[in-house]
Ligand code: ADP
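Presented as structure tokens, the chain that follows is alone, the form predicted on its own.
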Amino acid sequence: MSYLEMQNITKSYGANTALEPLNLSLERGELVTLLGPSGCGKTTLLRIVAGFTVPSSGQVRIEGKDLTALPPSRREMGMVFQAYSLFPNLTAEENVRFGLRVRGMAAPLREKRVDALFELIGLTEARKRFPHQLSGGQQQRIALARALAPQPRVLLLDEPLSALDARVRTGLRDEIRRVQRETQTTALFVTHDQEEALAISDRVVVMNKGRIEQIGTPEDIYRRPATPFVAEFVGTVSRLEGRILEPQRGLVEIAGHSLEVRGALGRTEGEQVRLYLRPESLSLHHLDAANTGTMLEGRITERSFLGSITRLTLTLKNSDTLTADLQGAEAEGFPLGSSAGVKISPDAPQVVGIPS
């Protein structure tokens, strides 16, 4: 039995279905992220777990106990919102202390807990400040400490970093993960940011149109997407369409070339397939008489300098495009407008069949 379970959860608003029947379980101490575009149902599911939204059907359980009919105040869950939601008339330490006072914790234990939390989030010097005297990142760390103060059974985080600038967001993302690991708190995190989800999670749940597309580790989601939606939503990806030539050898016809692709092994001869390729899996080469015809060929039509890498777009002769990430010195050999060949490792493409 898992620690937190969502069993056959659905949610409809009249004729509109927000969540199709879904099941999801979290183990104790695990951080799981709900990832997907706006309107996919991830926040609705989080609010059902919190008790703010009543499901149309299904159950929410912790350690086998059904919480579905309980109000939020009796679920022992901590919530961190996008907009911080600190009490403006209370100091930082009073905000953190608030939930402990409501629960009637004895004063000595309460102060010990508050001291430990400020030490944990590294904001001891800000205890006496009011929210308007704190930066956005500091306010969100206080909100995190306040949510953790009563030692919740589950920590729920609803897009907690989206209101922050990029540099602060990255630092606070790592801080949340560190604090979650140190406290061993089970956490359910909602975001539409793919990089954030991959960086912070034990597992990622990719959602689309009210249903779960895939559940897996960040590595699984990125390297082995289970559906076309996951492949195209998570990270940068190039897409090529082709036809299975020899399934026993894994040969696929792409843009007039025959490529060996391990993911094509065992498929059906003549089947139309789509190949998904990550930019770091491609290697570019200069064309000469010896290798012409042995690689997919094209022209560099876009270049984007991204610091440690340069991202190149190669437009093939059939107008398909491939995106490749090269290290700085290597990329200098492929100026805009130059011709290039691309080699694809047999293990690189993820192969998905195209419905007829």
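Quick note: we count residues from 1 along the sequence shown, nothing fancier. These numbers come from a predicted model, not from an experiment.
Below: the form predicted in complex with this ligand, not depicted.
- The stretch among 40-48, 23-31, 312-320, 60-68 whose residues place heavy atoms within 4.5 Å of this ligand in the predicted complex is 40-48.
- Among residues of the shown chain, residue 342 is not one whose heavy atoms approach this ligand to within 4.5 Å in the predicted complex.
- Along 7-36, these residues reach a heavy atom to within 4.5 Å of this ligand in the predicted complex: 13, 18.
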